[in-house]
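One chain comes next, on its own, written as structure tokens: the form predicted alone.
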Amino acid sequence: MGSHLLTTASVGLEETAHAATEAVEFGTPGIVALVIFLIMFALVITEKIEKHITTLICGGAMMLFVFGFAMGWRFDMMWSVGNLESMTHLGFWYGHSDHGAGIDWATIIFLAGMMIMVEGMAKAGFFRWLCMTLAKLVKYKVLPIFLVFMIMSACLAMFIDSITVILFLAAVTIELAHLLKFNPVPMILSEIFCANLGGSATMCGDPPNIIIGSALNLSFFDFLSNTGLIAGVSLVFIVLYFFLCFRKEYKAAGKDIDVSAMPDPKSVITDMRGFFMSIGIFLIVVVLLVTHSMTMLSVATIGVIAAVITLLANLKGAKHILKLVDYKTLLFFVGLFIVVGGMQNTGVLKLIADAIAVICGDNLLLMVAIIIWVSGIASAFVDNIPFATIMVPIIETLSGGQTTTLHTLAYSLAMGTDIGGSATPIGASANVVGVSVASKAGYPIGWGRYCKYMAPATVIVMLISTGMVWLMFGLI
């Protein structure tokens, strides 16, 4: 699966890779784990059962049938996948923490904190004010707003995690849709994709980049000058792609709106004190996220800070804010982490990584293509964090100690894992959050509609990425 937030660095990465290689060989437990994953995947696609219920049931099945019956009641692995012990370590809150194979509580806590912060901002009228201000700047024309929001999503995601970007922009988009009477779904889909694309441009933009950069000592500007260049070129094509897909729908939208009847942006602010406090809180969190590699504050700590200061700033409405948190999405992630942890511990993910090493041989051009496309396809369905963690020692081996080859494979892996997750609703955290926000507001996005537009966009960027890596490193 796509981009989950966590603090991962070279400290502990070797242990994580070693743990991955120590997973049991693919056999009966792996087959059972794969079957459970496929059942979960099918149920999520059909949407017959609520997603969080599906993942929790499948997570329970993973514990019972894989770690229980198939592996002889491995309570140590059950405990490891539950990962509760991670929260007792200093590195979980400050410094660097090993993600391991299981529930990523740092992501869960961070996401909960961001949800609380966003609800606090919405309560003060911040999002209505922002959408009205933006609408007024472009004279309430929907198509220009659509284009501006795509670019904004990509730029913000270069420095802020894609989850926060989508929580913010999806809320604005829905507020704006209510005012200008247009369907927000196409705009939210484009924002999700551009957030994932923007995140691929820098080391701090997406978790796989953090894993890869920390392990291989790549800097922020190393990524910016390589994956950043690829993302920049891709963004031009993606904006054009979504424009062609939705121009007719948005060209006609908003024409019957009486502009003179639209309220002044300031008039929608419900609490001026809370409004300015919410802006301050948001800016504080943005600074903490951008600088967390220097301050050593983990994303879990930043999430807690965001939640605490938001609730303290809204003491009277704190209970109401807590009720509005999307707990179903948080539970969805818990179940999904358990299922993916089961696949990692039973050797399913390692089997994919080993197959790449066998197929590639010494052909670097083929290595790049396979790593980008296999990583991309895998990341559309499987958590890209453990996949990236497993793949780092694989590409180190494939490079044969040659720095240029290693960097070529590293940027290929980054683009594949970052972009591949955009293809499906469960492929990246931003996707899950964006779809959840839309559904919560009464705009459900089914698998069919999502994949119809997002899968082709993913293929476009992966093709561009493959060609540009080949060109940039002189392989063709």
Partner chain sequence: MAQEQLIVSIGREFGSGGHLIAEMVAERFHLPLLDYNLLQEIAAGKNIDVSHLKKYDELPRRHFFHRSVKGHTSSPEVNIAQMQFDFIREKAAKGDSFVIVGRCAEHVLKGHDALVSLFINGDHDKKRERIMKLYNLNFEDAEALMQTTNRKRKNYHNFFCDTKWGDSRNYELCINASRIGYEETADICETYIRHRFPDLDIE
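Positions refer to the first chain, counted from 1. What you see is a predicted model, and the numbers here were worked out from it, not measured in a lab. Just so we're on the same page, rigid core means the largest C-alpha set that superposes within 1.5 Å between forms.
The following text describes the form predicted together with its partner chain, which does not appear among the structures shown.
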Checklist entry - Tell me which of 52-60, 433-441, 32-40, 404-412 has residues with heavy atoms within 4.5 angstroms of its partner chain in the model of the complex? => result 433-441
Checklist entry - Contact between Phe69 and its partner chain in the model of the complex at 4.5 Å, heavy atoms? => result no
Checklist entry - Do Ser422 and its partner chain share at least one heavy atom pair within 4.5 Å in the model of the complex? => result no
Checklist entry - Hey, in the model of the complex, does Phe65 get a heavy atom within 4.5 angstroms of its partner chain? => result no
Item to check | Exercise: Asp326 in contact with its partner chain in the model of the complex, heavy atom 4.5 Å | outcome: yes
Checklist outcome for this item: Residues in 43-63 that come within 4.5 Å of its partner chain in the model of the complex by at least one heavy atom, in order, are Ile45, Thr46, Glu47, Lys48, Lys51
Checklist entry - Any CA movement of 2 Å or more for Ile39 between the shown form and the other one, core superposed? => result yes
Item to check | Core superposition between the shown form and the other one, C-alpha change of Ala112 at least 2 Å | outcome: yes
Checklist entry - Does the C-alpha of Ala441 move 2 Å or more between the shown form and the other one once the rigid core is lined up? => result no
Checklist outcome for this item: Evidently the Cα separation of Lys51 and Trp447 changes by 3 Å or more in the model of the complex, so the atoms lie farther
Checklist outcome for this item: Working note: in the model of the complex the C-alpha atoms of Phe332 and Ile445, off by 3 Å or more, come farther
